[in-house]
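Take a look at this single chain in structure tokens; it is the form predicted on its own.
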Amino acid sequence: MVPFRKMHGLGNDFVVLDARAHPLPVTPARAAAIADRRWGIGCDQVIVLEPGTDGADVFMRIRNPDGSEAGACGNATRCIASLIAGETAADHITIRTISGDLLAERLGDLWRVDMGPARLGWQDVPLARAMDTLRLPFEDAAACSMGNPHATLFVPDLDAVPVATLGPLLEHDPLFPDRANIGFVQVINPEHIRLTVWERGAGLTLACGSGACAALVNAARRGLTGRAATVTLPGGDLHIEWRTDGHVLMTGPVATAFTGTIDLDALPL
């Protein structure tokens, strides 16, 4: 039986497995089984902790509910920073992912993560062909990468958008060779936006940290907001700041829902 911890950031929830001391056989099929909300534990992503090297406190491997691997997850980064800080009492944590290192800092009861620079080139997202990422050829949309691909659609009334219908269609649009996270944004004022995200490989979630970062960056590029704003998601608020050096800072809460054990050998390979 393998211990796990169920954590969440604004309802964006994760099953965390610790493979730092001993490798765990978490295959894509097993990750999908764990994430299943009817037959498994249920979560938006499965997080596997592996040993950190070369200055990183931990390596964080992210699996979506379809078993695919993600390059970044802002809410999970805050959760893992809080978990590692509970072991070490450190206020600054370096978390390595397949997309690079993320630096987290404790701010009282909240955690702030430097999500790295927003990447704005069409090759960075990536898109299927050369174009201005500020004006995509459908809807009223812009794109960028936060270590994973994001498209942001600006809408006048978020409540009127059929996100569950449009989200999967746009995720799989040929413009996105690696698929994409699709964010739907309503600008309330220059310091406040509303956001709902259809996550690549996960579907609708209560919050998406990298999606909030992408939404603020794309809104600021359009001149719709300043370089800092509150992003209200279905699960609550994140504060996002796009610094002049290009790095994007995300601040928000973390929580542990429960702990338990799971028999990995009973799951499909």
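Sequential numbering from 1, following the sequence displayed. These numbers were taken from a predicted model, which means no experiment stands behind them.
Quick note: we don't show the form predicted together with a small molecule, though the next part is all about it.
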**Message:** Would all three of G74, N181 and R200 be in contact with the small molecule in the model of the complex, where contact means some heavy atom lies within 4.5 Å?
**Reply:** yes
**Request:** Using the partner position in the model of the complex, report whether C208 sits within 4.5 Å of the small molecule, counting heavy atoms only.
**Result:** yes
**Request:** Answer yes if any heavy atom of A70 is within 4.5 Å of a heavy atom of the small molecule in the model of the complex; otherwise answer no.
**Result:** yes
**Item:** Residue contact check: T196 to the small molecule in the model of the complex, 4.5 Å heavy atom
**Value:** no
**Item:** Distance check, Q45 to the small molecule in the model of the complex, heavy atom within 4.5 Å
**Value:** yes
**Asked** For the chain seen here without its partner, which of 34 to 42, 219 to 227, 62 to 70, 239 to 247 has a heavy atom within 4.5 Å of the small molecule in the model of the complex?
**Response** 62 to 70
